[in-house]
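Below, in structure tokens: the form predicted alone, a single chain.
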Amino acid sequence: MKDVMGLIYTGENDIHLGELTSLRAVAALPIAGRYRVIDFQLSSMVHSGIKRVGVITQKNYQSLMDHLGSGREWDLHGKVGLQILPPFLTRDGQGMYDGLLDSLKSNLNFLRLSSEEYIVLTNSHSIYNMDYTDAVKQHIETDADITVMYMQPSEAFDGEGFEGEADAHFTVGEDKVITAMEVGPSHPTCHCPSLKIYVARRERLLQLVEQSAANGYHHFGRDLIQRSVNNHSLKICGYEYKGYCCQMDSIQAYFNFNMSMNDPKVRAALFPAERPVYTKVRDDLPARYMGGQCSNSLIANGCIIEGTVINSVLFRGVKVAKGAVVKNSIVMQDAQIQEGAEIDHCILDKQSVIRRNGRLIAPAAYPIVIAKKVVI
């Protein structure tokens, strides 16, 4: 894998995540008590032996840059290591990418100056813990132009499965070649959801990006992959990923994923002992339980629990005062639930405060979202 580089595109449409992404990119969205979404892509690349990683940013990337820093937590702070690629402003472009193809076109110099032979290109809203080695090996063996990772649908979760709504689906033949593709179908007839993870030879990808830009294409899946599948102009192969993957594409998906962290099977699938997930370290005291009661909850370090916490996820530094009740909720870093307050099916962003005797109760299908630093 020394001849493989990684590239993470963080400019996905985040309109469906509302207040959660008003001040941050999807890649910087806090999850599972102490992590960010991009931690899973970076950790997977590092465990796969990838030493050079580029992160394409578009908007609201200050929080992401603060989290990534020099890349030290992922051992990517060397001469090659981590490189952040901010929006590229020119006379023709205003730094707002119309899609993945457009972002690759703006960062062609980064691709040209890299020395690795192959590239693993990923989105930043999928959560998984995988090794890319077998996918790269299959790509070389099949002599494909592009290899796309996909999953088989599963009815019951048993350490494997796909959570979320994919916007592209495939049909894959016995020779691994993709024979049909649908983008954005209401009722897909192709039943293998795409993970939006691609493997390609770097020089070949450069050629395809330049050709696509000359034709005015912007969407990597619809304009490049789907057209090539339909007219058989490129050899597009599929690699089946067998594991767990969740798409962070809506508030409901965000809520459901964090709630699933209380399931031991999901935690075992995402945090195997041989592939730990690295993140930015925050030194803090252990969680302190001062007469409070907790059950079936994930509680990070630095929390002070004096009230009741049931089936919830509490990030670092959260304070639950005496008499307060937190049920089925996600409470982000340094938020406060004051005395006598009660929340149920809520998502509280960083440093938000629920004042004394306040009550926020919502149905499971429509959790309440409280923006960052809001006091209620």
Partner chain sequence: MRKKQCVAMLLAGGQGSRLGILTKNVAKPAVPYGGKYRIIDFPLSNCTNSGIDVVGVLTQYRPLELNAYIGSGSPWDLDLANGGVFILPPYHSGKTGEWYKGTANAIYQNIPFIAQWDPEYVLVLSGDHIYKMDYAAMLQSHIDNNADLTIAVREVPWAEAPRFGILNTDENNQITEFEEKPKNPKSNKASMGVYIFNWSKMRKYLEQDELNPNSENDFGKNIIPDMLADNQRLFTYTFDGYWKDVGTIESLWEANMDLLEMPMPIDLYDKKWRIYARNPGMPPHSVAEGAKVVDSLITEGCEVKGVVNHSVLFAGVTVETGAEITDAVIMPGAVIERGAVVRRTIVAENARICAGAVVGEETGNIAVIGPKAVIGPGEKVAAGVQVDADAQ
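Numbering follows the first chain given and starts at 1. Please read these numbers as outputs of a predicted model, since none were measured by experiment.
This next part talks about the form predicted together with its partner chain, which is not shown.
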property	result
Interface residue in the predicted bound form among Asp283, Glu174, Asp143, Glu274, criterion: non-hydrogen atom within 4.5 angstroms of its partner chain	Asp283
Heavy atom within 4.5 Å of its partner chain in the predicted bound form - residue from Ser295, Asn109, Thr133, Gln152	Ser295
Partner contact for Ala180 in the predicted bound form: its partner chain, 4.5 angstroms, heavy atom	no
Non-hydrogen atom contact Arg34 with its partner chain in the predicted bound form at 4.5 angstroms	yes
Distance check, Cys237 to its partner chain in the predicted bound form, heavy atom within 4.5 Å	no
Contact label in the predicted bound form: Met290 to its partner chain, heavy atom within 4.5 Å	yes
Contact segment among 239-247, 275-283, 121-129, 199-207, judged by heavy atoms lying within 4.5 Å of its partner chain in the predicted bound form	275-283
Sequence-ordered residues of 316-336 touching its partner chain in the predicted bound form, heavy atom within 4.5 Å	Arg316
